[in-house]
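A lone chain, given as structure tokens: the form predicted alone.
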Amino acid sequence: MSLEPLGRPRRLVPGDRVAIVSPASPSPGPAFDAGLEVLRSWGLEPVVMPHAADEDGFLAGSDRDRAADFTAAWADPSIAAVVAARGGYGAQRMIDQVRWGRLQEIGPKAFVGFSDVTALHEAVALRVEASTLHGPMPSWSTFIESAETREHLRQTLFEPERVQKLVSPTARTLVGGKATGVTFGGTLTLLAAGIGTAEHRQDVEGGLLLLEDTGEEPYRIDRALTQLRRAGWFEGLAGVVLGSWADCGPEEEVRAVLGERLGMLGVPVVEDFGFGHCSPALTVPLGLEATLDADEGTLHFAEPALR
């Protein structure tokens, strides 16, 4: 049984209220405020959830409070989108305390984030059956410093038909060809850490797997890829889209690992596609059907990311 496209949230319009949550690490005050100002400049009304600015060591408050904020933001009918302030660490710790039954009742809602937020992308896909956006977060330095990164997210949220076809000028062909499937994935080590949990996908047939990471040495990338392979994550894939590998060691060593672990799958693979921990960074929808052209370096979605 192949992966099926998930439910699409509605697009945003000026005046929409968007909830800001901190499901993982705390956000620096100045960066947090600067990100909110960008959202306001788009005509949005950021709603900072009660515990979004909390700090508890390396976490943005307690697991219970972070989960409560996420649940409340999704369940509030006046909130059009939920935006993670930053990644870091901690999303996996609060997942089991989210009221997923309530989110299922509400259905799809635009959700933006990446890195540690990969754990929530997987949970939303499997439990709410809603598509999400692997995109930059307002407290991230690249979001504040890169106009190209901000504009691509803005278009995805407000005018998604304009970015229905993603074209990466940095993309390189690792294995040529075309493939159509449903996008899923995110940060490699978070996906590997989810194996054996409630967010462990049992079937990825027909999927287009997106992978990226940061700060992982080549042997640790190899280990995570090997774990995914042994867990069945490479069986039946339609194709693979690789993003950035910032601060992961010498580029040639990282490429050698990716080529050895993924090049033998017999499916199209494109590398350096320009999403993840890089600048500029593309926003990539997860849970929707797209066609990968690994020779041209494009990812063309069958429908706009938001309806």
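Heads up: residue numbers just count along the shown sequence, starting at 1. Since we're looking at a predicted model, the values are computed, not measured.
Beyond what is shown, the protein has a form predicted in complex with a further copy of the same chain; the following relates to that form.
Annotation: in the predicted complex, residues 240, 266 and 272 none come within 4.5 Å of a further copy of the same chain through any heavy atom. From the list 272 to 280, 254 to 262, 31 to 39, 47 to 55, the contact stretch for a further copy of the same chain in the predicted complex under a 4.5 Å heavy atom rule is 254 to 262. Scanning 201, 93, 172, 99 against a further copy of the same chain in the predicted complex with a 4.5 Å heavy atom cut-off leaves one residue, 93.
This chain is displayed alone, yet in the predicted complex one of 149, 189, 71, 164 has a heavy atom within 4.5 Å of a further copy of the same chain; that residue is 189. Although the partner is absent here, residue 89 lies within 4.5 Å of a further copy of the same chain in the predicted complex, judged by heavy atoms.
Although the partner is absent here, residue 222 sits close enough that one of its heavy atoms falls within 4.5 Å of a further copy of the same chain in the predicted complex. Within this chain, residue 207 is remote from the site of a further copy of the same chain in the predicted complex, having no heavy atom within 4.5 Å. Taking the partner from elsewhere, residue 215 is found to have a heavy atom lying within 4.5 Å of a further copy of the same chain in the predicted complex. Interface residues of 269 to 293, taken as those with a heavy atom within 4.5 Å of a further copy of the same chain in the predicted complex (partner not displayed), are absent.
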